[in-house]
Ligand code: DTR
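Only one chain is given next, in structure tokens, and it is the form predicted on its own.
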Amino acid sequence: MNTISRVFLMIILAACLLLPAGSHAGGAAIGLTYANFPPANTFPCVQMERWKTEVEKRTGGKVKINTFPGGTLLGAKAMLDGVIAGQADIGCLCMAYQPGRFMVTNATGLPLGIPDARTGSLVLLDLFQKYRPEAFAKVKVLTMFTSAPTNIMSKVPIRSLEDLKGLDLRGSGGAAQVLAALGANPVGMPMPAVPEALQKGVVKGLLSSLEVMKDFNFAELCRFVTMTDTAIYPFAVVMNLDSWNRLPADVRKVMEGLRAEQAEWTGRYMDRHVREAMQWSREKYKVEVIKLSPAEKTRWDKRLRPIVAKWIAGARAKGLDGEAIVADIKAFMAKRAQ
């Protein structure tokens, strides 16, 4: 090998050594890990697979994403800290599981009348983009979305506040506050633990969005659904900052471009899936859907009003303008309504 060839080879080797980890060199795909906590068939994981597919397609195969559903890489409550620590490049977290940590974004879980998951998802993203909460300072937010409004699934019929009094029902975050205000006994636990709790009688039902009637087969045990359309559950998809900063500019552009699109896609998917799950539940298990009478609904709504006032006071104690945040949510709802 002559001198010129040796010099050229040394330049090439030096350039390769200077490439940051995860860079796209010589056609090798950039590998990323994406952790999620619920089972693969649930809507947070369905949106994960859709996002993975779109990123891989829109980057022309430049990025390869390995997904880990079911808590196989990170659990629900460890998700944000695990992503910050680099245990996963990307993670999906439910903010309702840590209400004090995500004060601003969890305000979307208040009983404010968000009508569906599409509206909720876009309102949540609007709220995040306006306030940029400190809780997300150490990660890159890739998208946000919400569940559909929550309703009561139960082993016994619930037609009034009296039927609900003292009943053990699973609820986390805003849903737990709703249950307590209505007189039930909220029991906190991750969703994957609920099937066994229902079977053992630890809880008599749950307050959640209705897609779980099919996704977790709750319709087999919960033959009654009482429509309340109250709190939603907010979710965020976040990325480790070092992993984000290592990405080429064109890949970052693709992910940025997907943020609002993914929120709306997930919301629309969720709303459609809820309708399908309830049709399946009625057909397979003869689930009875209970709609409160106007007078009874007024009683329930009256019980829920103090939740918002209490949240505003709590936000004020933490130096946040709770009234402005609630007003912004209502304004974003009007803006995003179809």
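Since the structure is predicted, the reported quantities are computational estimates derived from the model, not experimental observations. Counting begins at 1, following the sequence as shown.
Here the subject shifts to the form predicted together with D-tryptophan (DTR), a form of this protein not shown in this document.
Although the partner is absent from this view, Pro44 contacts D-tryptophan (DTR) in the predicted complex, with a non-hydrogen atom inside 4.5 angstroms. In the predicted complex, D-tryptophan (DTR) sits within 4.5 Å of a heavy atom of Met191. In the predicted complex, D-tryptophan (DTR) lies farther than 4.5 Å from every heavy atom of Val139. D-tryptophan (DTR) is not drawn, but in the predicted complex it has no heavy atom within 4.5 Å of Thr143. Heavy atoms within 4.5 Å of D-tryptophan (DTR) in the predicted complex map, among the stretches 94-102, 131-139, 115-123, 261-269, onto 94-102 alone. For the residues Gln177, Thr226, Ser208, Asn240, the 4.5 Å heavy atom test against D-tryptophan (DTR) in the predicted complex is passed only by Ser208. Scanning 159-181 for heavy atoms within 4.5 Å of D-tryptophan (DTR) in the predicted complex gives just one residue, Arg170.
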